[in-house]
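Only one chain is shown below, in structure tokens, and it's the form predicted alone.
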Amino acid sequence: MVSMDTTPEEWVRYTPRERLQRFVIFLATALAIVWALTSINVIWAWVFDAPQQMGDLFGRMVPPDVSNLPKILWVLVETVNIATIATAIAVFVSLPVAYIAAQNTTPNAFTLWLGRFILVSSRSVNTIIWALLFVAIFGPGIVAGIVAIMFRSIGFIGKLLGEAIEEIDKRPVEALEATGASRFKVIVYAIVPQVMPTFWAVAILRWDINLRESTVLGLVGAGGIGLILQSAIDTFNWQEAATVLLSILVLVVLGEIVSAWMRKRII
């Protein structure tokens, strides 16, 4: 009589090789974190003292000083205008860039790489860095802020629109080309209708992002509410700084509400 072993095989989630790979990954991550912490100059005494300093700072901010509120509200309107104008110009400029950066619409390899170079260059530089550059060119003020946000937005909008163009259905394009339609008509009647939802979604999203970014441009002299905030910090007027921060918070929340309403109405 032959005996049969009916003992169930023990289930193991990971194989020995997978466990070794996970151990190596965790070890490499831990070593990278340790190296990062030891390679930067952190004054740990200040880190441990931070909660006490934050409590003292927030105590100086209470109650907020609203005596300068009319000027703050006016500069908030200026901040909204910076974001809106910059977004509108960026949308207009990014359209041809997106067209030449998409593989299925670019005229040739040179224009393809030119468009992608523009997109990468725009997105590689932070808005504050653009603002510092254009403050040196145009001087302090809202013009530098508008141009800085516009340059930063071109890469964002152009990349997403270019990807949307690459993902369009080719059949309407081929049908119009088969009838002998001009390139302009192909773009208007076959490409534009397919990318319009993405166009509006990206434009509204970028306006919302620019509204947030425009609040800090004043820290480098590029206009907006950041100018008053920087002035309040430099003069240790923490109560006015609290009013500015609360105003920025309200502006960002209102911007989120407006952008959500616009997406619901348009898209």
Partner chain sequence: MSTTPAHTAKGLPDTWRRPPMIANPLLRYGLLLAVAVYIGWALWILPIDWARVSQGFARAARIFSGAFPPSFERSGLLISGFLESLKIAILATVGGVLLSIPIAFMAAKNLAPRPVYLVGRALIIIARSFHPVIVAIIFVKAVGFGPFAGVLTLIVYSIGFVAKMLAERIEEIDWGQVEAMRSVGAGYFPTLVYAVFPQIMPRQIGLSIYQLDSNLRASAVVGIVGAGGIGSTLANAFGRYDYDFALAITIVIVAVILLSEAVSGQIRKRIW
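Positions refer to the first chain, counted from 1. Just so we're clear, the structure is a prediction, and the values are computed from it rather than from any experiment.
Below: the form predicted in complex with the partner chain, not depicted.
Of the stretches 93-101, 131-139, 107-115, 160-168, only 131-139 has residues with a heavy atom within 4.5 Å of the partner chain in the predicted complex.
In the predicted complex, E213 approaches the partner chain with a heavy atom inside 4.5 Å. The partner chain in the predicted complex is approached by E256, whose closest heavy atom lies within 4.5 angstroms of it. Among residues of the shown chain, I146 is one whose heavy atoms approach the partner chain to within 4.5 Å in the predicted complex. In the predicted complex, none of the heavy atoms of F26 sits within 4.5 Å of a heavy atom of the partner chain. With contact defined as any non-hydrogen atom lying within 4.5 angstroms of the partner chain in the predicted complex, the contacting residues in 215-237 are T215, V216, L219, V220, L229, I233, D234, given in sequence order.
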